[in-house]
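Just one chain follows, in the form predicted on its own, and it is written as structure tokens.
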């Protein structure tokens, strides 16, 4: 195809940001725009006209666009609860589907994503940008080279002070508020889980088997409202369902454990607290993006397991080749460059008519953590089984789509002679 034709559904803050990234890509045409709010559509339309020189079709009804506009793919940075239905309808309309991150509302929704992808032959990719973070990809590269030994444990989370965003959700038209009012579980698990799952070979020789989740009391948003808006502001005294800190522990078929933390309604610095730990060493985001690996840090015979070394010291020798090429070509904006990479990974899969590097089984498994954690919290931390969305396909090797953006292997050959991404 000459250009990949894209429909955007959802044009709020995140959607507009992704749209700006896509507008930089010469091999992409934005053919339609959709949002329920007219001002968002108008702003996005103006951006496309200025940056791409064409006028996309617009509508508040995405189903109308799917029925009338010829496109290759749909990108949906809409509200969390709308992601799966939009992706399902996109695949039924014969288009690749890309969803922004966030959990599902039910396990049946995850199964419907998988069934629809199988029936239509259309891939569905979660746009988990953190899979393409420089630190995460460098750790992945070291793991694949054997520096960590046998992997044993991983940690991660979404730890971010979002009290204002949640409290002012209705006036800002943000979906977090209603979710936090009514749901109690890990509602946003994938920023850490995505890179961890790829590193642990989840759905390709390994799988997540069960989880337990517990939640603290909910006090942070109410306290913020009282301190910053006063007694009369909405929800000042209304209870929130979502605990301020939700902790989830996942067990894997190959014996590894994963700890996830959702922590967004108390004052704290941002962190995804990404940790990979094996028999030969450890990597930790919260230790200032550092590693401690036997035989590698420091690069002499005096390795000290109590000493951290910054990962940036090893980017030149052990960084992922994708990031080496990216830095040479020029890192684009968007969460330190991750947004551009995950979008390119999707666009190039559509262009080449291959499966996406984050496939529908990954998407379903990662989204399922939210409703499963809700079930566990509701039962006082009771263990909950995690479905096998591959239906046994994880047991035997499945074909890997090799290339620059592959997240299952490090494809060194894909970067020979590369000068741009």
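Since the structure is predicted, the reported quantities are computational estimates derived from the model, not experimental observations. Positions refer to the first chain, counted from 1.
The same protein also has a form predicted together with another copy of the chain, omitted here; what follows describes it.
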Should residue 116 be classed as touching another copy of the chain in the predicted bound form when contacts are defined as heavy atoms within 4.5 Å?
-> no
Is residue 280 a contact residue for another copy of the chain in the predicted bound form, using a 4.5 Å heavy atom cut-off?
-> yes
Answer with yes or no whether residue 209 is in contact with another copy of the chain in the predicted bound form, where contact means some heavy atom within 4.5 Å.
-> no
Would you check, heavy atoms only and a 4.5 Å threshold, whether residue 316 touches another copy of the chain in the predicted bound form?
-> no
For the chain seen here without its partner, which of 281 to 289, 186 to 194, 131 to 139, 95 to 103 has a heavy atom within 4.5 Å of another copy of the chain in the predicted bound form?
-> 281 to 289
Heavy atom within 4.5 Å of another copy of the chain in the predicted bound form - the one residue of 178, 161, 234, 112 that qualifies | 161
In the predicted bound form, the one of 296, 345, 245, 73 near another copy of the chain [non-hydrogen atom within 4.5 angstroms] | 245
Looking at another copy of the chain in the predicted bound form, is some heavy atom of each of 143, 337 and 396 within 4.5 Å of it?
-> no
Taking another copy of the chain in the predicted bound form, which residues along 220 to 252 bring a heavy atom to within 4.5 Å of it?
-> 220, 223, 227, 244, 245, 247, 249, 251
